[in-house]
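Okay, here we've got a single chain as structure tokens, the form predicted on its own, with questions on binding and movement later.
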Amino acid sequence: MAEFEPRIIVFACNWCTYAAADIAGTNRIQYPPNVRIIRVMCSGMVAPEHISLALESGADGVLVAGCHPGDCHYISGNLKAEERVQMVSKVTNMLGIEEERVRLKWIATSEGTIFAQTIRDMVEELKKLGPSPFRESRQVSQEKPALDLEDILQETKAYYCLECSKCTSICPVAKYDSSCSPRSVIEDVALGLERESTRDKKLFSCLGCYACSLRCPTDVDFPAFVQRVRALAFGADEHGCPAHGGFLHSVTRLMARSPYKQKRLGWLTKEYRVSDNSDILYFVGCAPYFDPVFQYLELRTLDITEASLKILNHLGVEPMLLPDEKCCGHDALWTGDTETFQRLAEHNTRVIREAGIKKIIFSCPEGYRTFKLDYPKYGFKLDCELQHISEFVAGKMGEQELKLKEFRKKVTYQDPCRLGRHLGIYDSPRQLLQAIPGIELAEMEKNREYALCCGTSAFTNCDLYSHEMRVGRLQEAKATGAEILVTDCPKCQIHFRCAMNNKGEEKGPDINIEVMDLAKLVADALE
């Protein structure tokens, strides 16, 4: 049997490392022929998704190499590369991927011998580790989805569309982008224009926010229609424009196909009481993975997780945390990648059944919605109760188990679309806010079922119109005179903070307001 030979992708800076590799070649400095060098103008141009996609494609190792700090041809490009590789390494470490598979090395133009030695060392390390497990799992099935356009039209009642444009009049995307219209998307499909429908990038602009369902006189399920047409588009290798370069989608695919045990509970300290014998599961979800990705927004998504545990402990609940639960699959499903979604759903339902769980508590509305509505629809059933943490805690208020101190602030509340219009949960978050002494709740003009979405669904098609939506909603929050915008969804917080972070040189309207998750606010108010 032939000895395993690692395949290494090298992202090499044009000015230093690539020149060093060239010098190694011209001087006949021997190193293993296991590398595929991708020449980039600067190591700072190597984005996180380039590394994750290399791993996803079956590379056994990835090396990012550039100029020494202080020598960058573009001044600080290599420092950006260092930040990105460190962030990616935190994520791959949580995925359980060995740290030797992703490396950063500074190699100057004259250091041909160092380049050669780096490759020799990396090859030896990877031979000890063995082949990447993603070599065998990198092929995504391109089987035709079970439904065709005719089935989709029938199942979602799209044939009943009256072309009245009431959906367009309430669609938050159409408000800012006049080229978007739910009615016209249905019309193209109904006319048999499959190629045009699945190739239209606007298909991925729909937020799935269910606003259109408020107005449709014939009960067309447009979000379900979009979800299924996207699956057809994905099968034809058509996608929207992924936000953050598609890094988060790539991480989800790696997670779905990974045989590694995750290291996702490194943040858990003795401050929080959890139990391996509890029949109540707190579903952590993607918070540990979001944390390093969104550090640049000065946002710590694990604050929501820790606040939720603090509240549960205060109520005498010591939940179980599963060390190897995976992403719920929400984003995969809503971008048409049903195979990845089903892999994740199968894994999660199996580990939850094996743990003997009777109740699952979520702080992420997307996870809650996916478990409650989508898992059963695809045949993944769990015989346990599902609750959002706001529902669980509000249910304890009558028993006077929640002891809260005064918190004098004027706040307004953002209804997340998955928690509100998808699941009909409007009251329990407000009950919690009003239970905190000193809190003054000022409602925005559009609230409850008419609340505006935060602007991007499934980290896809985040564009200028998405930004304008967020700015508009933040202005509405500011107009209430509130000091804090409270929400119940990690992504709402991410998107609103992003809008404030990327306001632009033109300054624009005053949209700065503190954004806080409800769980964090309640946890801070606990006696």
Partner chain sequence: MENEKKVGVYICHCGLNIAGTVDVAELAKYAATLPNVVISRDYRYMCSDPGQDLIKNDIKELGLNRVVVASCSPRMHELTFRKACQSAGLNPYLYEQANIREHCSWVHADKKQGTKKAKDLVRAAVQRVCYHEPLEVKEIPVNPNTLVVGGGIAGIEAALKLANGGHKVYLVEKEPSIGGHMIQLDTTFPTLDCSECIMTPKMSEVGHHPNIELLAYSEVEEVSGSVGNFKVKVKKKARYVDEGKCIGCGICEQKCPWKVPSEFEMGLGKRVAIYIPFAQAIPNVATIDKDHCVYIQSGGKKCGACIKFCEAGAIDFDQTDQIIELEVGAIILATGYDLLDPSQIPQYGYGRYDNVITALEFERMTCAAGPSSGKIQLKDGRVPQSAAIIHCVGSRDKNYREYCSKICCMYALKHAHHLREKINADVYEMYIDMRCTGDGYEEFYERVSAEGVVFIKGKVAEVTDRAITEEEKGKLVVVAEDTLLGRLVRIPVDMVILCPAMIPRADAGEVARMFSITQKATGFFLERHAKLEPQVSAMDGIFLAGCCQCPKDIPDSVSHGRAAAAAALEIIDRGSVVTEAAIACVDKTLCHGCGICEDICEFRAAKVILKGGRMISTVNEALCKGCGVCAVACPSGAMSIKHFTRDELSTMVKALAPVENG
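Fair warning: this is a prediction, and the values are worked out from it, not measured in the lab. Residue numbers count along the first chain shown, from 1.
Below, we turn to the form predicted in complex with its partner chain, even though it does not appear here.
Contact test in the predicted complex: residue 467 vs its partner chain, heavy atoms, 4.5 Å: Within the cut-off, so yes.
4.5 Å heavy atom contact, residue 261 to its partner chain in the predicted complex: Residue 261: no, not in contact with its partner chain in the predicted complex.
is_contact(residue 110, its partner chain) in the predicted complex, heavy atom dist at most 4.5 Å: No.
Distance check, residue 501 to its partner chain in the predicted complex, heavy atom within 4.5 Å: Residue 501: yes, in contact with its partner chain in the predicted complex.
Stretch in contact in the predicted complex with its partner chain, which is absent here, among 281 to 289, 337 to 345, 442 to 450, 238 to 246 (heavy atoms within 4.5 Å): One stretch meets the cut-off, namely 238 to 246.
Heavy atom of each of 121, 130 and 492 within 4.5 Å of its partner chain in the predicted complex: No: no residue has a heavy atom within 4.5 Å of the partner.
Contacts with its partner chain in the predicted complex, stretch 14 to 38 (heavy atom within 4.5 Å): If the 4.5 Å heavy-atom criterion is applied to its partner chain in the predicted complex, 14 to 38 yields 14, 15, 18, 19, 21, 22, 24, 25, 26, 28, 29, 30, 31, 32, 33, 35, 36, 37, 38.
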